[in-house]
Ligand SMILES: Nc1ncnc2c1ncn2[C@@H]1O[C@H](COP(=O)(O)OP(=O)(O)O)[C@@H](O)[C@H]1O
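For reference, the chain that follows is the form predicted alone, supplied as structure tokens.
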């Protein structure tokens, strides 16, 4: 069984310990939640798993391989994806272009319609809209969640997935 493991992860920033000696194992096919108050280190942990930040100490192991020193792009190629806490805005790109990576990701229209439906955005109303300031923060989060669903990573890290989105993940609206 494939796994993502954090071994003795510590992260210090400006001589302040944010995360200390964290050990976790994530198994493929199981959904995990990390809960805690603001400032507890949840986003920092997500950034360490994704390779945005490097731990001060410890190792990140994916399927038996130490990926601690790999960057974001390399980790994405290994099947890790991150839904950022703050939704992105792009000038001049439509929702459909964003979801298909400008056509590089070959996706059938029915699949696009389905993932948009699952996140509460009707294809007919959103596919041609631009991913810019005309979309609310919640709509942009939903578009990003749809993109994660289309990419089908081994491990999807959702940092504050429903902040500003006005929906419950996995539940009805």
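None of the values given here were measured: they were computed from a predicted structure. Residue numbers count along the first chain shown, from 1.
Beyond the structure shown, there is the form predicted in complex with this ligand, which is absent from this document and is the topic of what follows.
Although the partner is absent here, residue 42 lies within 4.5 Å of this ligand in the predicted bound form, judged by heavy atoms.
Not displayed here, this ligand is approached by residue 13 to within 4.5 Å at the level of heavy atoms in the predicted bound form. Residue contact check for residue 140: none of its heavy atoms lie within 4.5 Å of this ligand in the predicted bound form. This ligand in the predicted bound form comes within 4.5 Å of a heavy atom belonging to residue 38.
This chain appears without its partner; in the predicted bound form, the one residue of 149, 158, 22, 18 with a heavy atom within 4.5 Å of this ligand is 18. You can rule out all but one of 64 to 72, 105 to 113, 120 to 128, 42 to 50: in the predicted bound form, only 42 to 50 has residues with a heavy atom within 4.5 Å of this ligand.
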